[in-house]
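Next up is one chain by itself, shown in structure tokens, the form predicted on its own.
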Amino acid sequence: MSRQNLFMISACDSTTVARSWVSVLVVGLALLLGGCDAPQAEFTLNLPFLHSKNVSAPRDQEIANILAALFGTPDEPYLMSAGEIDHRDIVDPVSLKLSAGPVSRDEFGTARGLYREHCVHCHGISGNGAGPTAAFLNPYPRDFRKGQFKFKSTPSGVKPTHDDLKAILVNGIAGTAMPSFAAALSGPEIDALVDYVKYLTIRGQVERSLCISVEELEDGDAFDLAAIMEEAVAPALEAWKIADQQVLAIPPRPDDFDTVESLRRGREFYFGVGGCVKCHGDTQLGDGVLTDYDDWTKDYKDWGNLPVTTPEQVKEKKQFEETYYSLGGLPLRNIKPRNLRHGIYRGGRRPIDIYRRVRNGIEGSPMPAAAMRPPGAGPEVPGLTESDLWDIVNYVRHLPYEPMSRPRAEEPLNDRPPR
């Protein structure tokens, strides 16, 4: 594959910022009719990340070759065991066969190409979150390659469990374009797609490791394949294997949960030690910090912290943006805190779901984990207790039902009483 081909973005994989509506419709129609006929589907390199790490020819080609050797192709994917980790403990090889390749059915009627049928138009062949329809969605689809997932039962920095990802496929994500597949797919098919997402994530993380390791190589040095297996592949597999062991235990609700007194305390924590007001605002409309970005775009530049106080700095930022777009980046959007008065909770609306997000934070976003008071510490030590978190949950769940969250609709003119 030539360097030029590496920098080509397949119509099956990503959306060019300047693509016209007509082109998008043609690509979408091609996908609906069975996918792209030519060229054969290929994984593309994470060009913004390569560029940010100053990876150039011939290193980019070496990385592409190593990834192909370790993970195969979109039509013939595979994983390799590393260290003491058996890859079959993380991803079922049968799941890869069900999820990968063109959309089809075998002689027994078993669906094949599940990922390409149900996911690729948003998440892309490479799992980069830049499929043909991605540019028109808000929020953008998830880029799996970074290995970060927002809604899960594990702390920030820890992979989600298989059940966490399965719950997203079953329930969808409220307020986004991510639908529920509960009616469209069987249990085994959903499990197969979860395994394929893990596969794309592991591949993406190894790619990132290879890009970072380029900085340590001298000109003429070759990649050490044994070191790659030990220092990149094995940790990527291990992270998924141990996720189940790190699920956050949720304490029972206090006896006075869902009481007026709990609401009062929750409001105090919201404006006080909880720090919620900084982002979600004084009126809980999500109008606090509006100039930040999620971690996926920060891979290339920390856009929110780029200085733009002089004409030269504004011009430089514009040049950074144009380069980012030329490498396949989607148009930049600020990430906005949740409007807590709408009652739309992307990670689930159950009290336990909200508790987890307050306790763990939302990985990949500016939403931090709660600052907890050390066990056994007195009230003079800053931080929240588990009971305090339940009060915040109670307060957040009550906000959509306050009068200011439910303004009275204007009556039609003819329905008003005569004066």
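So that there is no doubt, residue numbering starts at 1 and follows the sequence shown. Because the structure is a prediction, the values reported are computed rather than measured.
Keep in mind that the form predicted in complex with a small molecule is not shown, yet the notes after this line are about it.
Looking at the small molecule in the predicted complex, residues 47, 82 and 235 place no heavy atom within 4.5 Å of it. Only one segment in the set 141-149, 83-91, 250-258, 222-230 has residues whose heavy atoms sit within 4.5 Å of the small molecule in the predicted complex; it is 141-149. Contact with the small molecule in the predicted complex, defined as a heavy atom within 4.5 Å, holds for exactly one of 285, 122, 239, 111, namely 122.
With the partner omitted from this view, the residue of 130, 165, 206, 100 that lies near the small molecule in the predicted complex is 165 [heavy atom within 4.5 Å]. Within 4.5 Å of any heavy atom of the small molecule in the predicted complex lies no heavy atom of residue 265.
For the chain shown alone, residue 368 is a contact residue for the small molecule in the predicted complex, at least one non-hydrogen atom being within 4.5 angstroms.
Using a 4.5 angstroms threshold between heavy atoms, residue 278 counts as touching the small molecule in the predicted complex.
The shortest heavy atom separation between residue 345 and the small molecule in the predicted complex is within 4.5 Å.
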